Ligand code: NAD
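Just the one chain here, laid out as structure tokens, in the form predicted on its own.
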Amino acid sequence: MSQAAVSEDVVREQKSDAEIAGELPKLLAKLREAHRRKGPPDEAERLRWLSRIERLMLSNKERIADAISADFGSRSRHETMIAEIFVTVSYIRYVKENLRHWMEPERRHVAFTFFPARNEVLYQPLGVVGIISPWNYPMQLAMAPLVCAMSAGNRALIKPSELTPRTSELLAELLASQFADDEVAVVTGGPEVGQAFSRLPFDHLVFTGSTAVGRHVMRAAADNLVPCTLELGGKSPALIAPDFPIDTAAERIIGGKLFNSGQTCIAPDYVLVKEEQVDELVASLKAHAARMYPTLVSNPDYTSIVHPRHKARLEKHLAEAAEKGAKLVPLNPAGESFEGSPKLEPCLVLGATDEMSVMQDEIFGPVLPILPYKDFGDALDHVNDRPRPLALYVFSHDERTVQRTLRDTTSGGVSVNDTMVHFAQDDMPFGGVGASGMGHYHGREGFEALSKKKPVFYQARVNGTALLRPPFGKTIDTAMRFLLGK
């Protein structure tokens, strides 16, 4: 399907944002009433739900790729197949394989003083989960939280990004083809809809996006005491220890940085390298970028910047850095002009300082500052002096260096000797810490995060709890002396 066809076929006439925002309470009420009326879904029903999501992803993968590419201006089809389709389907299959075990009541320890009673924890659906998904991976970052929500037995209301309207409309169409509107519903629209959405009294709210917007979402959710899972971002560093081969590190760092043209929340944001290795690193980064992307402007493997506003923001970062004394090193092997293109020329930044915006804000584009250090401890101090990142990448074959880094830094997640691939591990939780987010999804943690862990105490027919009720006497005094010691 051509991008023009996507535009005509997927984007439909919308109601005004005010009208959509006004309908949100009714949509939520319908989902909540269905949850109460039908009760918690059993394992078979949840598996059916998950299979529907898997089926719609696989049977519509080309439509999804075309819609996302149309929204971006040009989005690598292979990047979509890897990051949107494969990652999501792989996770669905993992959840389906493990759901029965996760749903089983969990036996817990009982103190001997309460024998022969028993304890267990039940995993109960919360009810209705709200999901606010971003534009950078518009299908995967809507579907993965939905998989967590539905595996836990919840219904869901989804608000996708207005920056990818074709994909958002396709998401709504595909989910409506597989689910009743009291199981899953999608609402589209701009910031006014997003603000109204975040004020709804959900049973849980999952937000993926920037730290700045995350603060507003959490503030709005707090009025209804809605618990939040916030998947945010930050400046994720790559630390190259002196023992690690520079060429190997460069290949893996630039591969992660230029995937989706750097528009990934866990993309390496900057690199810390031994000062005498800077020139070698720059040469290797240029060589690997040229091998991966011999051309850029018309290369279908190199993705566009999603919106002119975002491209202008990145160009402003670069211009300001140059004005303040940084050296810009373009990664443009064919020497192409990017004038009039939605794509941005990849660029290394040497000599960046904290006074430059490129070192203050999450970059979210194909721009990579290189920072030298004298001692590896200085690199760790640099990371620890700043807000905790969503991801951290350490390159070292020395186990002591790796363990020192893991022990002395705090981040949402880590890949050792690679970038970004920790996100795709199905049995691992994913989430930030501090300014990079709170809470987890993926793995069992996603199921648990959107379940109520209900503790249940089962009293035995014969028990000694009568001692705990008045009138108290010598028997309880003797028991307390025995239990507490003299």
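A residue's number is simply how far along the shown sequence it sits, counting from 1. These numbers come from a predicted model, not from an experiment.
Although not depicted, the form predicted together with nicotinamide-adenine-dinucleotide is the subject of the following passage.
Checking Asn98, Asn299, Ser210, Ser341 against nicotinamide-adenine-dinucleotide in the predicted bound form, a heavy atom within 4.5 Å turns up for just one residue: Ser210. With the partner omitted here, the residue from Phe202, Phe364, Phe395, Tyr91 that has a non-hydrogen atom within 4.5 angstroms of nicotinamide-adenine-dinucleotide in the predicted bound form is Phe364. Across the options 279-287, 153-161, 371-379, 314-322, residues that bring heavy atoms within 4.5 Å of nicotinamide-adenine-dinucleotide in the predicted bound form belong to 153-161. Contact between Gly233 and nicotinamide-adenine-dinucleotide in the predicted bound form is found at the 4.5 Å heavy atom cutoff. Using a 4.5 Å cutoff between non-hydrogen atoms, Ser133 counts as a contact of nicotinamide-adenine-dinucleotide in the predicted bound form. Contact annotation: Met143 falls outside 4.5 Å of nicotinamide-adenine-dinucleotide in the predicted bound form, judged by heavy atom distances. Among heavy atoms of Met139, none comes within 4.5 Å of nicotinamide-adenine-dinucleotide in the predicted bound form. Taking a 4.5 Å heavy atom cutoff to nicotinamide-adenine-dinucleotide in the predicted bound form, the one contacting residue in 262-282 is Cys265.
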